[in-house]
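Starting off, we have a lone chain in the form predicted on its own, written out as structure tokens.
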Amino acid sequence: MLDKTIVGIIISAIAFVTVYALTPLLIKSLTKRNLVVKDYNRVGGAMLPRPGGPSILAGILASELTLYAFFPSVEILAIMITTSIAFLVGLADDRKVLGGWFKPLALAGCAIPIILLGAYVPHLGFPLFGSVNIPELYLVLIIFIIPITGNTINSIDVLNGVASGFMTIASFALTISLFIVHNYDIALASLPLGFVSLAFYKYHKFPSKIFPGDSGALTLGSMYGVITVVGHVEIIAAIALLPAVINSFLFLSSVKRVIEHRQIKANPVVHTEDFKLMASTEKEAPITLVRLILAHGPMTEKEIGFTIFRLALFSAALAIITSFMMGIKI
């Protein structure tokens, strides 16, 4: 049996190289089949291929299957099965815009394998205060976590590179935190998420060559959610994801119903004459994180992306600090 450090290096390389190599092929295939959408924030409105979910899932499964071959566990199985089902949910939504409640309910169903495999411990850990044993309530929490993390990443996928870049930061923070709380096995299983996100960011960053689509965003977000559950780091994971969570909360509280972003008629941002983005003045426009960032004045898409990344880095630092506090009791 190989040392876990070596296995970690192997699966990280597999995750990164798989996505890095397959995404250009996917771009060509999608473009040839005319599976493209308009990038409304690009001057001239370039048509970009979508979805990038297949290459993202390929990287995750290739690396996790390799890890499972060395260290089989129900936790790794739960990660692969739940993430794969979430990909199919997103792919269905990529093909046809479905109702606002479709994704939350379908993603809730994606959480069932975690429960059936018993890949969880019904304890909710808090920094300073220790763990709380909530067997029945924790089952409900599992059902809610996957839709929340999946849709949270999907909702922040509004600008070139934001979803993949944000997930790169948040997932590596989660991996570091898992090592800090001595959950080494799940930390190892979480490594591919960061490297898959990083590899896809190469093609998704501004100016994008491909969009992840719902299949890509839900795959990344749902895998993050599974790791949160099987790694027993719910509070830490929520802190690392805070900017995206705030974005979802602002959106839902302003529209007051579950609805697809593509079904919103009033845009939260508009373009200036020099094609910068500025906050919309329409009362019906939903409030989002991007709209708040633009409250002080117009910015380029690239500038907004880097602002979100700075917020992500701040939240990542808070999550890592919180992980150090998990072993401290008052």
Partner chain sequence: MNGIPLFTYIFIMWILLIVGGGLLVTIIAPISITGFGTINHLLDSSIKALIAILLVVVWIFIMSKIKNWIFQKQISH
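Numbering follows the first chain given and starts at 1. Fair warning: this is a prediction, and the values are worked out from it, not measured in the lab.
Another form exists, predicted together with its partner chain; not displayed. Remarks below refer to it.
**Q** With a cut-off of 4.5 Å between heavy atoms, is Leu277 one of the residues that contacts its partner chain in the predicted complex?
**A** Judged by the heavy-atom cut-off of 4.5 Å, Leu277 is well away from its partner chain in the predicted complex.
**Q** Could you tell me if Ile176 has a non-hydrogen atom within 4.5 Å of its partner chain in the predicted complex?
**A** No.
**Q** Can you check whether Leu318 is within 4.5 Å of its partner chain in the predicted complex, heavy atom basis?
**A** Heavy-atom contact with its partner chain at 4.5 Å: present for Leu318.
**Q** Can you work out whether Leu48 and its partner chain are in contact in the predicted complex, taking contact to mean some heavy atom pair no more than 4.5 Å apart?
**A** Judged by the heavy-atom cut-off of 4.5 Å, Leu48 is well away from its partner chain in the predicted complex.
**Q** Which one, Leu117, Leu250, Ile180, Ile143, lies within 4.5 Å of its partner chain in the predicted complex by heavy atoms?
**A** Contact residue from the list: Leu250.
**Q** Heavy atom within 4.5 Å of its partner chain in the predicted complex: which of Leu61, Val270, Ile287, Leu30?
**A** Of the candidates Leu61, Val270, Ile287, Leu30, Ile287 is the one lying within 4.5 Å of its partner chain in the predicted complex.
**Q** Looking at 107-115, 221-229, 121-129, 185-193, which stretch has residues with any non-hydrogen atom within 4.5 Å of its partner chain in the predicted complex?
**A** After filtering at 4.5 Å, what remains is 121-129.
**Q** Establish, in the predicted complex, whether Leu242, Leu292 and Met325 all lie within 4.5 Å of its partner chain, using non-hydrogen atoms for the distance.
**A** Heavy-atom distance to its partner chain in the predicted complex: all three under 4.5 Å.
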